[in-house]
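Heads up, the chain below is alone and in the form predicted alone; it's given as structure tokens.
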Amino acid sequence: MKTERIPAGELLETGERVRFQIPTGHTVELYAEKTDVGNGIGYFDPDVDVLDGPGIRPIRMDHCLLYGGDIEGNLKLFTEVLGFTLVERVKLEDGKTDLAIWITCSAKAHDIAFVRSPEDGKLHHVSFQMPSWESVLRAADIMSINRVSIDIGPTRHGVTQGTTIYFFDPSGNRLETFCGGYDHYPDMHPITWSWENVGRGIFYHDRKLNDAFLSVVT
């Protein structure tokens, strides 16, 4: 596995980075230093951020889901080298092989997820955290007003138990507004979903999969 060191400043406001490729063909970079620009309300005697500003106002990036073949290699790398923990998994029809895995390096239900695919290096979606279910619904209204292409939702996942809307940006990349999920701790056992219940795991309300949702990636 080739590893590169990228000097500080090569990416704006970012310190030295370590770049490498994971088994599913995605390029990953690690860094420790980033210029702090704050959250807009200041660090000294701040007011509560309750003003209703423009747009859907996500808190931050929450997670991403990537497609590729060797998700076993990814799991080994991320858990044994990078300190992630396996949170949930979906099994294929044989009951042994993983179709998908959700892993975390924090107390969130997941920081990154991988789905098995014959083609490496693919992105399924990037997700942004919202503060509440009501804010996810408000985001749906704003998307509809602006004629944004909504893929799925508003709905809930069985996996991670988060509430969600999936939509597409003008370039065709799938994005998500996500809220909720549970706290995960490293001593918890991973949750396993069977192939028979994968529809309920992905879309808890509809209890069935959407073919386009699974197959459209960038």
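Quick note: we count residues from 1 along the sequence shown, nothing fancier. Every value quoted in this text rests on a predicted model; they were computed, and no experiment measured them.
In what follows, reference is made to the form predicted together with another copy of the chain, a form of this protein that is not presented.
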query: Proximity to another copy of the chain in the model of the complex, single hit among Leu175, Val28, Cys64, Ile150 (heavy atom within 4.5 Å); finding: Ile150
query: Listed residue (Ala140, Leu92, Val126, Leu77) with a non-hydrogen atom within 4.5 angstroms of another copy of the chain in the model of the complex; finding: Ala140
query: Proximity of Lys108 to another copy of the chain in the model of the complex, heavy atoms at 4.5 Å; finding: yes
query: Residue contact check: Phe20 to another copy of the chain in the model of the complex, 4.5 Å heavy atom; finding: no
query: Distance check, Thr14 to another copy of the chain in the model of the complex, heavy atom within 4.5 Å; finding: no
query: Pro170, heavy atom within 4.5 angstroms of another copy of the chain in the model of the complex; finding: no
query: Whether Arg5, Asp70 and Leu82 all lie within 4.5 angstroms of another copy of the chain in the model of the complex by heavy atom; finding: no
query: Neighbours of another copy of the chain in the model of the complex among 123-139 [non-hydrogen atom within 4.5 angstroms]; finding: Gln129, Ser132, Trp133, Glu134, Ser135, Leu137, Arg138
